[in-house]
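As a starting point, one isolated chain is supplied in structure tokens, in the form predicted alone.
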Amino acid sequence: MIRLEGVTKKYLGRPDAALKDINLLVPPGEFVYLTGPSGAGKTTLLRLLFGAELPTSGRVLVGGTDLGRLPPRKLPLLRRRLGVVFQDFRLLPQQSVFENVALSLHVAGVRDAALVRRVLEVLAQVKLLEQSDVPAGTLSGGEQQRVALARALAPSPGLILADEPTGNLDPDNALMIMRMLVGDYVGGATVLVATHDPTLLSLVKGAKVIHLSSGRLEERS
């Protein structure tokens, strides 16, 4: 599902590379924790995986597609197969909670009754059904994170990338979010969760843990 071959990422004006000669293989249906301190390169790695950035050198392959060779016009097609939970939510603040979640289904080609049914289902799972008509921008940070997760999971993607998905949540809501991610993993999705919270690592038996430190990668399990 995911393959990185000798990936290095450098930014103009920065003396050190954000990622340094990363090699990584994540087979389909695996659950992976990506750990490391702030600034270690976790978000950069995730941005490479959904095509927001290209590597300075090396290859990034997702589902067999080399993102460095993918024409920009085909990138939206690739992203339809991904569910991405961003650290900064990326919601449409003036649109309702329902509309934000529905957008990912609309892009995936889901329409009418099937769309409504699925949106209501995932909103119930994240305990936001009663807020479905509320503008997303008026919610608390934790609630917005739950909307972002519902939006990512609604199309039942084959690959889920989550950047600190529990960072703004209390322990009960964090556990709920992780249970949803585990549920999709059990259903066959490949899941990669970037986190600095060590308490999450024991929630998925058999999960692989990889650690980033100063842009370098080491596998821990």
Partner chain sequence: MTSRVQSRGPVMRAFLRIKEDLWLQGVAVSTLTVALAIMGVYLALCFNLYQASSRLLSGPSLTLVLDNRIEPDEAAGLSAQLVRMPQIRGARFVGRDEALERFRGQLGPHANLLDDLRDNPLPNALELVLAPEHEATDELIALLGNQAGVIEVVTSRPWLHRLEAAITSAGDLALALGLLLFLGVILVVSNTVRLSVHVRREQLELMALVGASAGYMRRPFLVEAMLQGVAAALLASLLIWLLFAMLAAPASLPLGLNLEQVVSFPALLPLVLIILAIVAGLLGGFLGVGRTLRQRRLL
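Residue numbers count along the first chain shown, from 1. If you superpose the two forms and keep the largest set of C-alpha atoms that fall within 1.5 Å, you have the rigid core. For clarity, every value in this text was computed on a predicted model and none was experimentally measured.
The discussion below concerns the form predicted together with the partner chain, not included here.
Look at the stretches 171 to 179, 25 to 33, 42 to 50, 185 to 193 and give the one with heavy atoms within 4.5 Å of the partner chain in the model of the complex. Stretch with heavy atoms near the partner: 42 to 50.
Answer with yes or no whether Gly141 is in contact with the partner chain in the model of the complex, where contact means some heavy atom within 4.5 Å. Close contact is absent here: in the model of the complex, Gly141 is far from the partner chain, nothing within 4.5 Å, heavy atoms only.
How about Leu128: is it within 4.5 Å of the partner chain in the model of the complex, going by heavy atoms? No, Leu128 is distant from the partner.
Report yes if any heavy atom of Leu70 sits within 4.5 Å of a heavy atom of the partner chain in the model of the complex; otherwise report no. The answer is yes: Leu70 has a heavy atom within 4.5 Å of the partner chain.
I'd like to know if Glu121 sits close to the partner chain in the model of the complex, meaning any non-hydrogen atom pair within 4.5 angstroms. Close contact is absent here: in the model of the complex, Glu121 is far from the partner chain, nothing within 4.5 Å, heavy atoms only.
Are all three of Leu153, Thr166 and Leu201 close to the partner chain in the model of the complex, meaning a heavy atom of each within 4.5 Å? Looking in the model of the complex, the three residues Leu153, Thr166 and Leu201 all stay beyond 4.5 Å of the partner chain (heavy atoms).
Within 75 to 111, which residues come within 4.5 Å of the partner chain in the model of the complex, counting heavy atoms only? Those in contact are Leu75, Pro76, Arg79, Arg80, Val84, Phe86, Arg90, Leu91, Leu92, Gln95, Phe98, Glu99, Leu103, Ser104, His106, Val107, Arg111.
Rigid core fit then Leu77 CA moved by 2 Å or more between the shown form and the other one: After core superposition, the displacement of the Leu77 C-alpha between the shown form and the other one stays below 2 Å, so no.
Return yes or no for Leu103: a CA shift of at least 2 Å between the shown form and the other one, with the rigid core superposed? After core superposition, the displacement of the Leu103 C-alpha between the shown form and the other one stays below 2 Å, so no.
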